[in-house]
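Quick setup: one chain, the form predicted on its own, written in structure tokens, and binding and motion questions come after.
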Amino acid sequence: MSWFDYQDPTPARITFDEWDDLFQQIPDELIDQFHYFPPNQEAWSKYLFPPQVFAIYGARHLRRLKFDNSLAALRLWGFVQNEIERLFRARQVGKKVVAVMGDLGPLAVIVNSVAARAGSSKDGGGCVAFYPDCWWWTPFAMESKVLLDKAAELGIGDATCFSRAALGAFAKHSYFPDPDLVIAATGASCDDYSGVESLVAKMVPEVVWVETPLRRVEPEARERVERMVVEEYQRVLKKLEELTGVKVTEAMLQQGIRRANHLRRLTQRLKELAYGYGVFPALETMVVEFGCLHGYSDIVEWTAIVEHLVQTGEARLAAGKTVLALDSLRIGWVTPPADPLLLCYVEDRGARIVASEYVINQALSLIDESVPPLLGIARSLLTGSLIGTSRERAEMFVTAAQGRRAEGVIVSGILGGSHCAMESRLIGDYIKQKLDIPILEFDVAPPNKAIDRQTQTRIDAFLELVRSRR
């Protein structure tokens, strides 16, 4: 693809230093094109910067990763790394900042539906949704335990999921602005994160609690559960109306659902391009998957970035150009790795990811547009990865892994994570029984500059075993 006088180079994974060199070739006119909170074009809203900028500000782990070398991927990294600034800017320009917690997807669809309408010039201000849950990557990105140590001071220590970093971020008051509203899902979700939410509730004026039910498949139970979730969402709407002064209509929710579904379809296509044809690395693909949660605090610009990525991927496919060899070892991955360096490490050793189950199925499945909006969103919640049995989650993954002829599966557990303490073994055993392929399970080590030697050795041996079976 070409933008102004710039043409993407031959597709490749490049290092931190190589991106610095490549960035010098990008015209200034092109850098000026990209702003968050469109149609805003203020100078402060530019985000097309190389990884070096964000490493200087603390994201030191970027120095060790490998990146896709396309302009679209540069947009992705600049936008994602810019999210903290974007949230503080939102506050400065008069937007309401809404923290949604615990459900990883559906609640943000509701908030973003209100934001779209409330953000118009007619209605003023607007609001922005974000998930503090996603700050679990921050200790790894910054190679720092500051947030984890702060959480420990407040009572949640090493025996819990890395998502406790969100508690430290709330306490520090510097990783995002103090939210105007906190909406927290609790119930059949992550036990550790429910503990985080309980302590966050002591730090903020008010929390709107949303009960999350266990997923049930029996028709009679399902109807009752859906009705309960819809009633919970109606309470959320009432709070959002009080916050924004905007009456939320069914048309606004329908528009929000169409926008969310458009992003989810784009993400599905990008996964097909990456997992099926190797035109994007696993790291960028995972970042895109998680963008379906809340659009990294600006769903309109994030959708434009994913459209750009898909266009780039389609062009690469048409030209027969990939970043990963199609004869690489085909590996499936279960549970998102808290340390993104793990994905780069596996690819460096001749493998590529062909299927994933990152506990966010509820943010990836299409929302039913043929039923009342809140019912459609409730049904999307009930497809969630974390609110059912481990067997159901494993079944979701097996179907995807079979479709991509995965030759091996890595299950990366979360050290101390209560929902993962036994789940990795249960999921691994089920997959091995169904697919008869090698399985590797390990817990991701705490933040560090490099992958520990034991994990490296286990991954190396696992990939050698997979290779020997060809």
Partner chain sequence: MAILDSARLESLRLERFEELTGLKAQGKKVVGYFCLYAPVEIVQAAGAIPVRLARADYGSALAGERFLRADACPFCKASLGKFVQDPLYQLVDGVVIVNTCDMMRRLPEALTTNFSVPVFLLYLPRTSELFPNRLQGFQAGLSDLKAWLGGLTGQEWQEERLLEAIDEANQLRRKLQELDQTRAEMPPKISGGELFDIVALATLLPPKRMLNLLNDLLAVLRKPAEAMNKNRARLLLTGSILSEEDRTLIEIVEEKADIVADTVCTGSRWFNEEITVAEEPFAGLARFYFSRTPCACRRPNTALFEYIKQQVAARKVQGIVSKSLLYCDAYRFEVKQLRQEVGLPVLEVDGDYSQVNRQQLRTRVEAFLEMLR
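This one's a predicted model, so the numbers in the text were calculated from it and none came from an experiment. Numbering follows the first chain given and starts at 1.
Not pictured, yet referred to below: the form predicted in complex with its partner chain.
Colleague: Please determine whether Glu232 contacts its partner chain in the predicted complex, using a 4.5 Å cut-off between heavy atoms.
Modeller: The answer is yes: Glu232 has a heavy atom within 4.5 Å of its partner chain.
Colleague: Val310: heavy atom within 4.5 Å of its partner chain in the predicted complex?
Modeller: So Val310 does not count as contacting its partner chain.
Colleague: Is there any non-hydrogen atom of Leu386 lying within 4.5 Å of its partner chain in the predicted complex?
Modeller: Although its partner chain is absent here, Leu386 would touch it in the predicted complex, with heavy atoms inside 4.5 Å.
Colleague: Against its partner chain in the predicted complex, would Leu199 count as a contact residue? Criterion: heavy atoms within 4.5 Å.
Modeller: Close contact exists here: in the predicted complex, Leu199 approaches its partner chain to within 4.5 Å, heavy atoms only.
Colleague: Identify, from the list Tyr345, Trp209, Tyr277, Tyr358, the residue with a heavy atom within 4.5 Å of its partner chain in the predicted complex.
Modeller: Answer to the contact question: Trp209.
Colleague: Can you pick out, from Arg258, Arg224, Arg269, Lys172, the residue that has a heavy atom within 4.5 Å of its partner chain in the predicted complex?
Modeller: Selected option: Arg224.
Colleague: Since the chain is shown here on its own, which stretch among 349 to 357, 191 to 199, 72 to 80, 298 to 306 would lie within 4.5 Å of its partner chain in the predicted complex, judged by heavy atoms?
Modeller: Result of the contact check: 191 to 199.
Colleague: Taking its partner chain in the predicted complex, which residues of 168 to 188 have any heavy atom within 4.5 Å of it?
Modeller: In sequence order, Thr186, Gly187, Ala188 come within 4.5 Å of the partner.
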